[in-house]
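Just one chain is shown here, as structure tokens, and it is the form predicted alone.
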């Protein structure tokens, strides 16, 4: 199976909201939520995609003709590629009821682990979302990253008990989820977190702690102060704030400010191995891709995930080779062109 076949197979299975587009760019789904759409007019999701395409790569084939090394070491684990599957929750609501969070995570987490990367998993109002996610990670011997919503501390502690039982090698909190409508109305109150509150969450994590939803230098430095081991430069795929900058527009400044003191992930509109290359050139350690992995799982299950990982990994290898680099550490801003 290749990813093109996977898309065709996904279309009748993926529900009425997602269109299983050949290139997931946010335009067909727009601001449609439930579904994969974005907030407001849907501008931010589209901008995320478009801004990666405005960056070009610098070809350089006057270099040694040898193999390239795409492997990444992170928090004591070695991965085949520097990209990960992103967190998605309530898949039966947003994408189609032929799968639920239990079956989706069983496929995604195990397949990603089998084929050399790891999956972030989602969270939701239904407590079973986190239960299913952490059980899938435990089955994969901890090769997954559960993502906890910014609930109140009592709820977070209960979620962290599930995280600890999963033996996950890292744990994330998507603080940008504070903009989701269901969190705004949650009782007891949930939402944005102070530096002190995030510091308490980091201590509860008991594993490398990742703060997802950083879009400014100021935010990155606050996450560092809170004790985060890593950040995700992310605007939640445009689902929480309209008229937000694209992640590609803010990544370089954040990376320079962090200066290697934390690991940096980035998501939002990354749709090819060349985009992953650009993300690393701008200072990220790894990229996160979410929505196309949903299509992969719905269209082909384990084989679909394998096909998508092979597609993105192969594109990354080809880009590295054509840009004259043989190792991830050699990918720098000199490798890209920006207008």
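Numbering follows the first chain given and starts at 1. Note that the coordinates shown come from a computational prediction; the quantities given were computed from them, not determined experimentally.
This next part talks about the form predicted in complex with a small molecule, which is not shown.
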query: Contact check for 149, 239 and 289 against the small molecule in the model of the complex, heavy atom at 4.5 Å; finding: yes
query: Per-stretch contact check against the small molecule in the model of the complex, the hit in 228-236, 201-209, 187-195, 250-258 (non-hydrogen atom, 4.5 angstroms); finding: 228-236
query: 311, 51, 302, 271 - the one with a heavy atom within 4.5 Å of the small molecule in the model of the complex; finding: 271
query: Non-hydrogen atom contact residue 82 with the small molecule in the model of the complex at 4.5 angstroms; finding: no
query: Contact label in the model of the complex: residue 263 to the small molecule, heavy atom within 4.5 Å; finding: no
query: Distance check, residue 95 to the small molecule in the model of the complex, heavy atom within 4.5 Å; finding: yes
query: Residue 88, heavy atom within 4.5 angstroms of the small molecule in the model of the complex; finding: yes
